[in-house]
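Taking the form predicted alone, here's one chain by itself in structure tokens.
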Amino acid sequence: MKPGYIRRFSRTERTLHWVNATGFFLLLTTGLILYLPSLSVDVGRRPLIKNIHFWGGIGWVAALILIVLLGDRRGMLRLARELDVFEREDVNWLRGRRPREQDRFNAGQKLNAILTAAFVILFLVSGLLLWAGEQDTRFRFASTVLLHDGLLYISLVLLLGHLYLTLIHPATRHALHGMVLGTVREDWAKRHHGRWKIFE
């Protein structure tokens, strides 16, 4: 590890993040091809794209589960506990008071992680129902399409915000170093995550 840097993300955490991102972009691409008539016509081969989308979704969720089960399980439990705790500082952060003293994750990052996990489950359930509805009309529900499409729109908004904070915003751009290499500058971590237990 380079002098002046500290470890923020483990290998398991980084693998989980990048597998989730890769799966999401695959499903986003194939989903948009199926959803937008102009793209569907340009690309063609709709049955193939639909199969890639369906089995890509199954593979996406299965890969995430395998990473959690086969990776650093103790670290994953610690991560879940960190993301699940909302304290007064987190509430103040969400109200816009933005106290400097945050844990390893600020309230926005905690909410993003919780929403991401919930969306994975909801995408899976609604996707399975859509697939089952094509095999058997008893499983066709109008609300399933609305849920799946609604998740897409909300996910796109969250994705744009995530990409802005990761790639453009000067104060948070350094966080990408942690997700790629696992480490961040100690001075940056103290400035943004001063309540992180590593500094106690």
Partner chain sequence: MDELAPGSAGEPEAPRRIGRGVFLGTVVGGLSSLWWGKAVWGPVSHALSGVEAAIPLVPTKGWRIYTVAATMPVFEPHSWRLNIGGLVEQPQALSYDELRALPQVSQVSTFHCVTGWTVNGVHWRGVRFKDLLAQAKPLPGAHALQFVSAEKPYIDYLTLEQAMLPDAMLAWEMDGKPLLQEHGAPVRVVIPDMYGYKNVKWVEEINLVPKPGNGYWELLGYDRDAWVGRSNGYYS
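Only a predicted model underlies this, so the values are computations on that prediction, with no experimental measurement involved. Residue numbers count along the first chain shown, from 1.
What comes next is about the form predicted together with its partner chain, which is not displayed.
Exercise. Quick one: which of 170-178, 22-30, 139-147, 58-66 gets within 4.5 Å of its partner chain in the model of the complex, going by heavy atoms?
Worked result: Contact criterion met by 139-147 only.
Problem set entry | Triple contact flag Pro37, Arg95 and Ile121 to its partner chain in the model of the complex, non-hydrogen atom at 4.5 angstroms | Yes: Pro37, Arg95 and Ile121 each sit within 4.5 Å of its partner chain in the model of the complex.
For this session: Indicate whether its partner chain has at least one heavy atom within 4.5 Å of a heavy atom of Phe86 in the model of the complex.
Result: Yes.
Exercise. Taking heavy atoms only, is Leu128 within 4.5 angstroms of its partner chain in the model of the complex?
Worked result: Because no heavy atom of Leu128 falls inside 4.5 Å of its partner chain in the model of the complex, the answer is no.
Exercise. According to a 4.5 angstroms non-hydrogen atom cut-off, is Met76 in contact with its partner chain in the model of the complex?
Worked result: Met76: no contact with its partner chain in the model of the complex.
Exercise. Might Gly44 be said to contact its partner chain in the model of the complex, defining contact as any heavy atom within 4.5 Å?
Worked result: Gly44: yes, in contact with its partner chain in the model of the complex.
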